[in-house]
Structure formats: structure tokens, C-alpha cells
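What follows is one chain in C-alpha cells, specifically the form predicted alone.
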Amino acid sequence: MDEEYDVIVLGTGLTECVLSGLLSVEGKKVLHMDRNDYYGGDSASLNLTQLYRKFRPDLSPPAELGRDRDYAVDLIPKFIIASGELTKILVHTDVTRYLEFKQIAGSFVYRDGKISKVPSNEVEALKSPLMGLFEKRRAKKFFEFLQGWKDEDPATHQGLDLDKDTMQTVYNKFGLEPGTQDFIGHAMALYLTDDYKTKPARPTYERIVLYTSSMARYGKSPYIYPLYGLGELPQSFARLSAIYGGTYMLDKAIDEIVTDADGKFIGVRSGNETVKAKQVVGDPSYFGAGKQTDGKVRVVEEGKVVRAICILKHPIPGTEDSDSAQVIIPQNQVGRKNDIYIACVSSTHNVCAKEVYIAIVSTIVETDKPELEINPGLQLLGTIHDKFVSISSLYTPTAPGTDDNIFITRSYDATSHFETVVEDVHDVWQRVVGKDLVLKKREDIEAQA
């Protein structure tokens, strides 16, 4: 380990692997290290043995669940938006050649005690059981307004300014009921809270357009998902890095982040060896995760996420027997500040045995009884065969890293998609490289839907 590198990357979570792949393509000499003997870190997919070892170390998986190798259970449940930012990175880097995708069969929202399909255009709005007759007409006008909007044509603006008027003003203009605002803001624009309503409407407009264009791409839902689980994503970007000269070391203890007298990064110590580099990028667990390291607190806890991995022997009731689905429970529907998400996949995606479904319920923790907070989601699942609950801290770095060359990524949040992960990739890239990440489109990614 005498060589000197441009960048050492610590942890093989998706954020870190995307960055190491892109940095290698940029011509940087990258060393990528992980304390675990598997790829993925917090965003790994585990087989049954690994799942039980993590949550129930004293128990073996029951034989009735099938073969160990049939399972790839995600620790972090997220779907890929078909026209979203992660898709652009996959296409730009050609990582799609290592992956196969399948469509998620349905996108649903909880309202007034029932699960219903999320309407994505004016035609579906008119058929939706989510709204009464008059509300359907108002929603139809709202969707037509969004689809007809042209920045350069004031005739399409109906007196609204997306950069100045709040989203609440837009809703009020069309007379939309609170329940309709719930499914538009949370199940289409995919906001976790209602804070967006008091802010300018343009970001919400862009999010709804992203949802509807992703929906139009493949038809059943706006989401796609890699066969064999999300753990395939970091591994595929690791391959990309290796092709461009990146070096990988798994199962390597990271004992110390070495800095000079001024606190600037010099290298990483593992056992008796220290490997040097100009910069280090890594996930919060390598930088104290909220505790002091070398006299500094490098990351702070912003909150916690509770997730329950549930094994079912049936599809989620009310989802039209879908082999996969996303169900969003908007916070207002259950008297919370944050939404509850359910992500469901099955053997169709090669992540579990036949006739088994994996549903993961998650939300941001608001009380001192996190497991009770996901109850509204658990109750929608029907009979739960087995359940594995985890509570994870959400860490954020205390400094940008430009002064000491130590660049720390954020923890994976409670959102049900990868858009915030890609925002973090862009943000860290800009700080590490000193310029914006520019993605060029190659060819279209096609989901084997």
C-alpha cells in the first residue's frame, strides 16, 4: 500500500460507488476500501443467511422460505424513477450493460382508509376513485394546466408565476381539496412533508412532470428496479471504476483517518499500513458517525429512520394483485408530520423465492416509539410471515471538506426513490472536483418490462 492515490473512497454504498466510478472515468487514481466483505454498505441486498445474521444472530432461516440463494433483500428500500437523475447517470456511464431492469407494477396512495392507484394524467384523474365528480373536473383542469405550461407563452400561465407564487396558491387557483393536494404533493411530487406548499411552485411542477413523463415511459408505474436487488447498483458502478483503473479492497479495517498538523487529510491507516491520497470521500460511519474523532465532530445526527422488512406470502391487499408496488401514506392521512412508505417486490425481480413478497415499510421517526409509527403501513400488508425492524440514524457532514480534503456523504433518507442520493453525488462531486458534474445522454435505458 505504498502507492499514492488521488482519491480514497471509504464504504461501498451506492453514493460512494457512483462517485468512485465517475471519478475513475474522469481519470483520477482511485482506491476504494470497505470494512465489510460485501459490496453495498447500508444499501446492500442480503441473502437469507445474511439477513438472519444481521437481525437474528441466534436463529437459522426457516426452511419453508426456500433457498438462501433465491434472496436479495434490500436494507434500504428505494425505486428508480424511469426518467430521473439516477437513470441519466446509468445511461451516461453505460453501467446499464451490467444490469437488467424490471418495471414496478403499480403506484398507489392511501386515502380515507383505502389504497387507490395514483392518477398520472387528466384521463386517469377522471376515472380515479380518489375524488368525487366535481373534484375530478378540477383535477383535470389542474393536470391540463401543468401539461400545457410553456415558460415563453403567458397565455398558458393563467395569471400564475411558478417562480413567485407558492404551490398552495396554485392549488387554491384550481380549488383542489386537501385530500387531492395530499396525493399530488406526496404520491406524485414525492415530498415527505407539506413544507413545499409555502415555497415557489416551480420545483413541485418539475417533480410532477418528472412523475408523469416517467409514467408515460413504461405505462404501469413511473418506477423501475434492478433484477437481483438494489445491491446490484453499487456493484455495477464498482465494475465501472475497475475498468478505468480503480482499485478495490473489501474486508479491510479502517483504523484511522490520518491528518497533518493543520488538520488536512494525508491518508488512511489500516493496521500497520497507511495509504496516502490527496482527498478522501466516505460515508458517515467512517468518520465517527456523530462522535468525536481526532478531536472533531465531523458528522451530526439529523434524525432517524425506522424500517420494517416484512416477508409476506401474498401481494399487498388492494394493489390489484401486483407483483410489486409502491404505496404512499401521506402524513395528513394518519396525523403525522412525515409520510409512511411501503415498497414491495417479489420473485419477479429475483429477490426472493416464488410466492414470497418482500414489503418494506419506512418513515422518519417522530416519537420515542418508532415501531408504533409504522403501524398504519404494517396494517395494510395483511398477514406478515416475518418482520425485521431497524432504526437508522440520518447523518449529515458538519463541513464541506474543501478545507481539509475530507468529503463525507449523507445517510440514505426515508424517500422512496434515488433523487436525493443523486443530489448528494452532484454536491460531493462539485466539492471534490471543483466543477459541476455534467452528464451527457448516450442511448435510452430500456426496462425489460
Partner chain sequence: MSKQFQFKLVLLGESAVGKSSLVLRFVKDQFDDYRESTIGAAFLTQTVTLEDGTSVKFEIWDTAGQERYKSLAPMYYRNANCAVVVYDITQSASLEKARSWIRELQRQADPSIIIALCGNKSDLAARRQVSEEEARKYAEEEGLMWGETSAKSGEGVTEIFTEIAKKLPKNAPAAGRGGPGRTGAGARSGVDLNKQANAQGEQNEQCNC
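A quick note: this is a predicted structure, and the numbers were derived from the prediction, not measured. Residue numbers count along the first chain shown, from 1.
The next section is about a form of this same protein that is not shown, the form predicted in complex with the partner chain.
The contact residue chosen from W149, F174, F265, Y244 relative to the partner chain in the model of the complex is Y244, the criterion being a non-hydrogen atom within 4.5 angstroms. Only one of the listed residues (Y196, Y228, Y205, F145) places a non-hydrogen atom within 4.5 angstroms of the partner chain in the model of the complex, and that residue is Y228. Partner proximity in the model of the complex, defined as non-hydrogen atoms within 4.5 angstroms of the partner chain, places exactly one of 302-310, 130-138, 320-328, 93-101 at the interface: 93-101. Proximity of V280 to the partner chain in the model of the complex falls outside the 4.5 Å heavy atom cutoff. Interface residue remark: S346 is not counted as part of the site for the partner chain in the model of the complex, having no heavy atom within 4.5 Å. In the model of the complex, at least one heavy atom of L250 sits within 4.5 Å of the partner chain.
Proximity of D182 to the partner chain in the model of the complex: non-hydrogen atoms within 4.5 Å are absent; the residue sits far from the partner.
At a distance of at most 4.5 angstroms from the partner chain in the model of the complex, none of the three residues A289, D413 and F418 contributes a non-hydrogen atom. Contacts to the partner chain in the model of the complex (heavy atom within 4.5 Å) from stretch 197-225: R217, Y218, I224.
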